[in-house]
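Below you'll find only one chain, the form predicted alone, shown as structure tokens.
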């Protein structure tokens, strides 16, 4: 990979390599765009096969956070960290403390949080060295378990999608097929059940589906059957890439809205759904409740305030559909356009301000 060519092509700002011999830290911080504010994005620890693979992942994820934060209406840019190593065997206190010092050295340009392979406890260690970290323990005044709040955002966005697809956002009597019943999806099922929706669930975890069946009266099907059930809404809440050439023809739902990341196997599948007349709700707009929640920690966490901000996911999803109709483009492209237009407005505003300041200074001279 020609790193500077890649950064120039996709407009990245900064790539930071962090190394600490004593602890074994090998980390890469990618900052994509700070037009809207400091970059916020989690720290992922993974056993990458090569260093190049780690760099590519950091860059890809950082850009994704730019779009996610912009579409969520946050005054934050996008960044991401990857730590090369096995999260099960290679963690130690010194590693995360050293990493915290690197973050502190960036002076607030980058704020981290937990991600795949890292935990609240890891964030607490980083917090020993810097304040530029979110998702720390609730005993430190943070937000605690984000799953219920993420689920609430998905629920609100699903209602907006239902209004687009059915003319009303009332989910009472609607049948929702939920793929995966992990922590976020369980809480989503709870919200749906309370509104009177009929649930069909699947998961490889038998205890998870039994819990949904017993508590919410959900009908349980085998994992591969979920694509073929008769339902109004399909909610992918497990693995990514479940919307692909094999599954899309099988899905009977009018609306797709779920918590999983990277649901489209390829961006072209957004076009496929668009032509099919299926209302696809882009995942990074829908599942932004988690990042909205941790972002509130930067102002001194207030749950009521965070929940009110999460409620705006309904409006954000509605804007995506408006752009899709306006420009006659698939909703996944519309979501990108929503983010890009907001960033460009801020970039133009700042450019105008700087121009005015230079003009005033010139006149004074």
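So that the term is clear: the rigid core is the largest set of C-alpha atoms that superpose within 1.5 Å between two forms. Quick caveat, the model's predicted, so the values are computed rather than measured. Numbering follows the first chain given and starts at 1.
Same protein, other form: the form predicted in complex with a small molecule, not shown, and the subject of what follows.
Visitor: If we take heavy atoms and a 4.5 Å cut-off, which stretch out of 22 to 30, 336 to 344, 314 to 322, 37 to 45 is in contact with the small molecule in the predicted complex?
Guide: Residues of 37 to 45 come within 4.5 Å of the partner.
Visitor: Each of 65, 68 and 294 having a non-hydrogen atom within 4.5 Å of the small molecule in the predicted complex: is that the case here?
Guide: Yes, the whole candidate spot contacts the small molecule.
Visitor: The small molecule isn't shown here, but in the predicted complex which of 158, 113, 103, 218 has a heavy atom within 4.5 Å of it?
Guide: When the small molecule is considered in the predicted complex, the option within 4.5 Å is 113.
Visitor: Though the small molecule is not shown, can you say which of 85, 146, 165, 270 has a heavy atom within 4.5 Å of it in the predicted complex?
Guide: The residue in contact is 146.
Visitor: Is residue 261 near the small molecule? Define near as a heavy atom within 4.5 Å, in the predicted complex.
Guide: Judged by the heavy-atom cut-off of 4.5 Å, residue 261 is in contact with the small molecule in the predicted complex.
Visitor: Comparing between the shown form and the other one on the rigid core: C-alpha of residue 111 shifted by 2 Å or more?
Guide: Result for residue 111: yes, a 2 Å-plus shift.
Visitor: Would you say residue 241 moves between the shown form and the other one, meaning its CA shifts by 2 Å or more once the core is fitted?
Guide: No, the C-alpha position differs by under 2 Å between the shown form and the other one.
Visitor: Is the C-alpha displacement of residue 42 equal to or greater than 2 Å between the shown form and the other one once the rigid core has been superposed?
Guide: Yes.
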